[in-house]
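First, one chain by itself: the form predicted alone, in structure tokens.
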């Protein structure tokens, strides 16, 4: 049954884009075309696939002006930040650069008697279900290595960013990737789940909510379809007694507030050694107070609306509950007159918080952060681990050995020292606990989009 998907712009509340979903029969036909096209695509030389994918990303970069404007309308990011092209190109360049080595066979023996090796074989058709917050970069994380490895890709993008999948298809096809090898589709949840349940895909990559990840796992149950799931986060920052205070404030507050706090690895809770706590909070309040909330098309806007009013309402509820339970809100809403009670939401810093409050335990995904003092490393480790999520942790210190020791005790996917809210394409992007499972980027990213296949070739009969 055909349904309609709408993108409601957070800028002004109007319907910015509207698309009809595919019926199950239409979706099945699209997957079958992808399956047939993948055979020829996988037979092409690796160098040719790399060339065509790079040409597609170059075509996307050439669309920058249009893409930046569309992103502002779809999910509210200020145009002054220029889209996601720095990360898109950095990740593409790295993943194309390591492809030959990452996908090379592991040769165990090459003698006159035996040839024994392990090759990496594409899964076939890969489904990418992408989120709206960084709609290009998160999709690219899987699309680029999947195509290079010889898979065909079916992309289902978030309703909030309906046009992103269309632009990716337009660009990749312009670069020479065949139309059936990369397809953008608009699917309802029930059709998506039906396809997964039919074992239509060799691998499913999903970035989104914990509930969404659970639905993917349920749909795949019993099919043995491989899945990669990047789900929620509640990433902590820990400022130690020897930290560069100004650098910590600048980076951690940017990590908490950039993109209106709608970052997978954004900072959502901060623990500061008690000797620096008062100074950190004072500087943090000043930093946030200098932000400008407003229309994302205004040149001086540094924080735009949240992608949807319901997301902003979630944050307001967490703040209200925390204050009712004894927390103190330090940012005067009068500093941000653009806060309209809808998608436009004033940023907030909370102190006198504790781990009984929702704002310190549940994912916020918005421009709010709680700050707590800690007495020492042991207390900080306990606080950072007292969470259902595990994506990244940001440690601030001048002692790399100390950071490494603490990092080994934190239940997380990535440990940063004196940095946060960043994906290094040379390192594996992964998580633990309710953040999900899987591996993107780095050489391990190619392992996710391929499967091992062993060859034992005996050249003699005796």
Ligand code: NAP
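Residue numbers count along the first chain shown, from 1. Since this is a predicted model, take the numbers as computed values, not measurements.
Here the subject shifts to the form predicted together with the named molecule, a form of this protein not shown in this document.
- In plain terms, the part of the chain that comes close to the named molecule in the predicted bound form, with a heavy atom within 4.5 Å, is 360-368 out of 360-368, 373-381, 297-305, 340-348.
- Taking a 4.5 Å heavy atom cutoff to the named molecule in the predicted bound form, the contact residue among 216, 143, 195, 72 is 216.
- With the partner omitted here, the residue from 270, 249, 391, 126 that has a non-hydrogen atom within 4.5 angstroms of the named molecule in the predicted bound form is 391.
- If you check the named molecule in the predicted bound form, you find a heavy atom from every one of 130, 207 and 212 within 4.5 Å.
- Although the partner is absent here, residue 92 sits far enough away that none of its heavy atoms falls within 4.5 Å of the named molecule in the predicted bound form.
- Taking the partner from elsewhere, residue 159 is found to have a heavy atom lying within 4.5 Å of the named molecule in the predicted bound form.
- Although the partner is absent here, residue 230 sits close enough that one of its heavy atoms falls within 4.5 Å of the named molecule in the predicted bound form.
- Not displayed here, the named molecule is kept clear of residue 148 by more than 4.5 Å at the level of heavy atoms in the predicted bound form.
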